[in-house]
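Have a look below at one chain only, the form predicted alone, in structure tokens format.
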């Protein structure tokens, strides 16, 4: 599932290859992916324009057109999306990278013959004009120490559920939460409001390190804990059998010896 690192790689791909190219055709016929827009509505708004800047907060990307003079195009990878720009691909690493026309949910075609595609086998991605961002918390990779303490370190919710609340902190999904908590040696079951300032600072440092590593290596699937998140899996540091439970509605693995 794409989380912040995969989305950042997709944003970077569009920033590197998709900006400054004239849009001459838009396929926005998928009314579910392009909701609430009707077929042709996005096309009418951005055909003849160029993407000129690429932004991201958490798992949400958006792109200025014509230097901010045109509408903003929002793209979301959903649970299994990829971005394709010509022969470059970023997003869900589980897709095989081959062409699957039915999975091409939204396409921009450029005047030079190239294209940008939102490819999504599960049809849970989104393409939308002027996406709302008000409900998103600060980006997990950029949040300051004081803001992290104030937003994450309160309430009785389990720590993992707090990390994954996109209104509190944008970008952390299931795998990245488990990897971060394992790195920080903190239990996902701890009440978020019970952490000390020192523990919150350690958590933020390890979260940022996990994000940087995943971006550099290709996605959250490269985390040190991820390969061991199976029944009977063991902690890659100490060898203790990992505990498994549902936290915040998501399957969670942690080391009962080291994560306290």
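Note that the structure is a prediction, hence the values are computed from the model and not measured. Numbering follows the first chain given and starts at 1.
Below, we turn to the form predicted together with the DNA, even though it does not appear here.
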| query | finding |
| --- | --- |
| Per-stretch contact check against the DNA in the predicted bound form, the hit in 107 to 115, 171 to 179, 139 to 147, 67 to 75 (non-hydrogen atom, 4.5 angstroms) | 171 to 179 |
| Triplet 79, 103 and 156 all within 4.5 Å of the DNA in the predicted bound form via a heavy atom | yes |
| Non-hydrogen atom contact residue 187 with the DNA in the predicted bound form at 4.5 angstroms | no |
| Partner proximity in the predicted bound form: residue 3 to the DNA, non-hydrogen atom cutoff 4.5 Å | yes |
| 4.5 Å heavy atom contact, residue 59 to the DNA in the predicted bound form | yes |
| Residue contact check: residue 183 to the DNA in the predicted bound form, 4.5 Å heavy atom | no |
| In the predicted bound form, residues of 110 to 125 near the DNA [heavy atom within 4.5 Å] | 121, 122, 123, 124 |
